[in-house]
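The data below hold one chain only, encoded as structure tokens and taken in the form predicted alone.
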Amino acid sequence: MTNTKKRLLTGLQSSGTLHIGNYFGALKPFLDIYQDYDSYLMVADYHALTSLRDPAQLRQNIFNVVKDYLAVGVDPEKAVIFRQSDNQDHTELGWVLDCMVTVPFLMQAHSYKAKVDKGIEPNAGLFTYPMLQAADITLYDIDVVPVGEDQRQHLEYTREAVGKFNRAFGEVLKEPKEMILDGVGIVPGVDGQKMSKSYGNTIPLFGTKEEIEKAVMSIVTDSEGDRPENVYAIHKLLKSEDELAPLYEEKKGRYGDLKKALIEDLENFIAPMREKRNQITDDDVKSVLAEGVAKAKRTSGQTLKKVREAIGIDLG
């Protein structure tokens, strides 16, 4: 990584068993750009404490999310992969930024209100979450943060906190910009709705061939027409329309044969990632995280030193 690259950070949280909708909607857009930046990938395990009270599950989530990213092709030599809780600079700067903003300001956070509306306990961690997130970003002099459109406010909150700090203590922290990732739009599930675990309509990203076959054969097909649109919508994630045109013409109206073709293409796509993930051990993950946090601390330590000097708690 060179100093001429802009710096990028993304937070990783395990969402359980990944499906191809996760891959095409979020993972692939990131994979396509991360090597163009000085990229930091942070496992956001402290953030998980706002709602998760299962230590075994949290521990497993940490291993899973790192294995997922390594398996889909993220190179730990070309990105800094680290764990938030391994670097206490995050919580220290988070507290400093808490002191920069008001309670009414934090009360306006869309994510806080949405989670409370869903019945999640309005604990203090959930309330001040945006400031810990702001610390995650500003510790590393981040230029851009890839987010979905619905997460734009997170960056606005970060810039607000950074602006208040800089106006009070001088230009110390960098204001990041958001990078809105459009992905590929909505990835359809086997029932034609958006692919989602909550709908039970997914095709597992690291599934066995039998699991892939079971999911594909359950795809709801049209009762009319020569081309099963739900099958085709998933198929064109893997191949171009020009590549698919002769296949769908040759097997026009033969829905079962087209599903079998999709199964083979999915297996060819998924098998290498599945095999790679199966070879990644927990010790491999620990090694990646240990090397990553050592690199992360070299950067965050410089930022925190400037912050401590600016606010007057570094006695020199």
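Under this definition, the rigid core comprises the largest set of C-alpha atoms superposing within 1.5 Å between the forms. A quick note: this is a predicted structure, and the numbers were derived from the prediction, not measured. Start at 1 and count along the sequence shown; that's the residue number.
Heads up, the form predicted in complex with a small molecule isn't pictured, but that's what we're talking about next.
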Margin query: On the criterion of a non-hydrogen atom at 4.5 angstroms or closer, are Asn64, Val72 and Leu205 all touching the small molecule in the model of the complex?
Written below: no
Check: Taking the small molecule in the model of the complex as the reference, which of Ala44, Leu247, Leu289, Ile263 has a non-hydrogen atom within 4.5 Å?
Finding: Ala44
Item checked: Per-stretch contact check against the small molecule in the model of the complex, the hit in 96-104, 119-127, 212-220, 134-142 (non-hydrogen atom, 4.5 angstroms) -> 134-142
Check: Going by a heavy atom distance of 4.5 Å, is Lys174 a contact of the small molecule in the model of the complex?
Finding: no
Checklist line | is_contact(Gln302, the small molecule) in the model of the complex, heavy atom dist at most 4.5 Å | finding: no
Item checked: Partner contact for Gln153 in the model of the complex: the small molecule, 4.5 angstroms, heavy atom -> no
Item checked: Partner contact for Val162 in the model of the complex: the small molecule, 4.5 angstroms, heavy atom -> no
Notebook entry, point to check: After the core is overlaid between this form and the one not shown, has the C-alpha of Lys194 moved by 2 angstroms or more?
Noted result: yes
